[in-house]
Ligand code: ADP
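Just one chain is shown here, as structure tokens, and it is the form predicted alone.
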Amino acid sequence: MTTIQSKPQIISVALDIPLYQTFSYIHDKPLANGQRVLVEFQHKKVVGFVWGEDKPTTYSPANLKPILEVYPEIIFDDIISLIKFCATYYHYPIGGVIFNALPKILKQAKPVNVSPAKSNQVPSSSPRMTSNTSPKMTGEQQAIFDDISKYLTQFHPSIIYGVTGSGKTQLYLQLINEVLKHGRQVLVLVPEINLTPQMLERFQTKFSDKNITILTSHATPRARYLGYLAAQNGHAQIIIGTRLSVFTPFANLGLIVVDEEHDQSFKQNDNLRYHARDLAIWRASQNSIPVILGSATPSLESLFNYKQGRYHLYRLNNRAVANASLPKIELVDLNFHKTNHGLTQVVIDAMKERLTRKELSMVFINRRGYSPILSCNECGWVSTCKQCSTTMVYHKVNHNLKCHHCGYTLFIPPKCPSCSSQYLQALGDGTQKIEAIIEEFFPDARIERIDQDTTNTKSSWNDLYTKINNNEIDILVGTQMLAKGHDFHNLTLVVGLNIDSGLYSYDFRASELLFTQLTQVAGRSGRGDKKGQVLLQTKYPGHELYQYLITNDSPGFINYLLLQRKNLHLPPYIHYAMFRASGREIAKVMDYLQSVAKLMQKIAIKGVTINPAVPSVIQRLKNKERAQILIQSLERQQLHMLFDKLLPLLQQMKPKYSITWIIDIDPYEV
């Protein structure tokens, strides 16, 4: 009896290495696309994924290494499509995209040994209520609900543009409920900071009988993998997560919601530089399902797409709570009102009034630490980071200097490192300093500081909400972390300090970001039945941005910005890509970029402008010197054509020096 031996199969495998290719291995039978496997690469056992069709190779099967082990895990077809699109659009190695998208447990070179669980349920300390206890929708909410409900089985990209406190979350809940009735699943993308206990409690209350899975940066590798499985097998009906959750596989996805869609945290700014909002829209299109982009301050990119007829726009013009109205925004002119340790008497009096009335005040200053600079009064030395071309921030609480870019920390020097003078001074204000100043003005007030230094544990926000709900806080001091998604009904005063720095910046998005921050932080005030007030200290009260702000004219400001961008040939009227490089010496980095620029010029794609190589704004970061080339075009496709032709040439071009590079499509850091 003869045994028929099967012909060895040549299998393409994607690995987590920075090369734009897959690698050929052999196996005794065909394997499914997306199958997780174990292979040997450079004398190490590593995980890979079967990728694409078996490709022709000049190697004899006898010269190829075998696949060592085949694991049971397989990437879903729709995630394979998403990964392929992501790799193509962002011009990133396919292996890098795969391993960015998957839970860490699947990257380990061993079998997965995690028992499936029902879900990573939302924790709760409150009694659960049934879903029929939801408040009745307002007329505006009902009209939007009725219209979007018509499109639950087709691609329908919608912007829900609602003033702060207008009930966008309530509208999401009702639409999600409608989708769940049809047995389908929902993905809700949120910025990390917006994933507060308050929002989670609303979801839990509404969907007490549903399985809700939470996927954030705080999730352990095991929890993230279990959430991944729960969505993949259809057990989790609602996934709430941050940007990485856009890669979650679903058994039957029916709706995607991107809350606070304007938030820049949806854009990843290292390695694979994807934008989760944009991938969510693409994914909804591929699955023929609606996607909702919600915000009180929609991004210019989304509103531009609406004006181009690509998206639908729905407005919520009124606050949802009865008798609640938008707060009165007032400018405190620093040219006429003197400050006492950074606070005007107008602000001090307003805070004193809230203390008397037992109402909550919020002081917003978007800079943590005590002071941004420690300086010598004699020679002018400043506290700069030895690893980055930035200053180190003075943190009085820990008596140290810290770089907020790389984390490098030093104890405060007893004297000037340059001239040995003992006259060192802290320049500028941060949250710690403002907290100390307010404590001096109001020694009996209960003050809470909210920034990355005080809210770095899972329980931080829970503790904060408990204190606020129990009226144990009189004054909140914090950064933009206070500006998003919080609903404090006893908050009636918001104060903005040091806000003018966003008016004049190298970043063309700075004014959009400032308007968004101020609109969001102002919107925390007066959300209950008590009138709200906002006081913004500024030296430029006549600036257009502030004039639009005090009249609550967001549409007017958006049209003003869009016209400005159009006249100056800036995004979204033009498309940007950035080629970034880094190395130990700036001269060598610049030399490499100039060689790359010559390649780009040689390719010569019509309509593409290649700007000269320049050092990055933060030239040295984490001991690497950085520089960049800005490429722009009226047509996005032309940019992709350039990189499609450039990448093979770059693979062949071996730098003389140790240089790393990255392509950033639609960059936020310019």
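Throughout, we count residues from 1 along the sequence that is shown. This one's a predicted model, so the numbers in the text were calculated from it and none came from an experiment.
The form predicted together with this ligand is left out here; the points below concern that form.
**Student:** Honest question, do 138, 163 and 202 all end up within 4.5 Å of this ligand in the predicted bound form by heavy atom distance?
**Tutor:** Checking in the predicted bound form: 138, 163 and 202 are all within 4.5 Å of this ligand.
**Student:** Of these, 211, 169, 242, 158, which has a heavy atom no more than 4.5 Å from this ligand in the predicted bound form?
**Tutor:** It is 169.
**Student:** Considering this ligand in the predicted bound form, which of 565, 402, 275, 527 comes within 4.5 Å of it through any heavy atom?
**Tutor:** Exactly one listed residue reaches within 4.5 Å, namely 527.
**Student:** At 4.5 Å between heavy atoms, is residue 489 in contact with this ligand in the predicted bound form?
**Tutor:** Yes, residue 489 sits close enough to this ligand in the predicted bound form that at least one of its heavy atoms falls within 4.5 Å.
**Student:** So in the predicted bound form, does any heavy atom of residue 590 sit within 4.5 Å of this ligand?
**Tutor:** Residue-level check for residue 590: no, no contact with this ligand.
**Student:** Considering only heavy atoms, tell me if residue 321 and this ligand come within 4.5 Å of each other in the predicted bound form.
**Tutor:** Because a heavy atom of residue 321 falls inside 4.5 Å of this ligand in the predicted bound form, the answer is yes.
**Student:** Given a 4.5 Å cut-off on heavy atoms, tell me which of 414-422, 297-305, 169-177, 498-506 is the interface stretch with this ligand in the predicted bound form.
**Tutor:** The contacting stretch here is 169-177.
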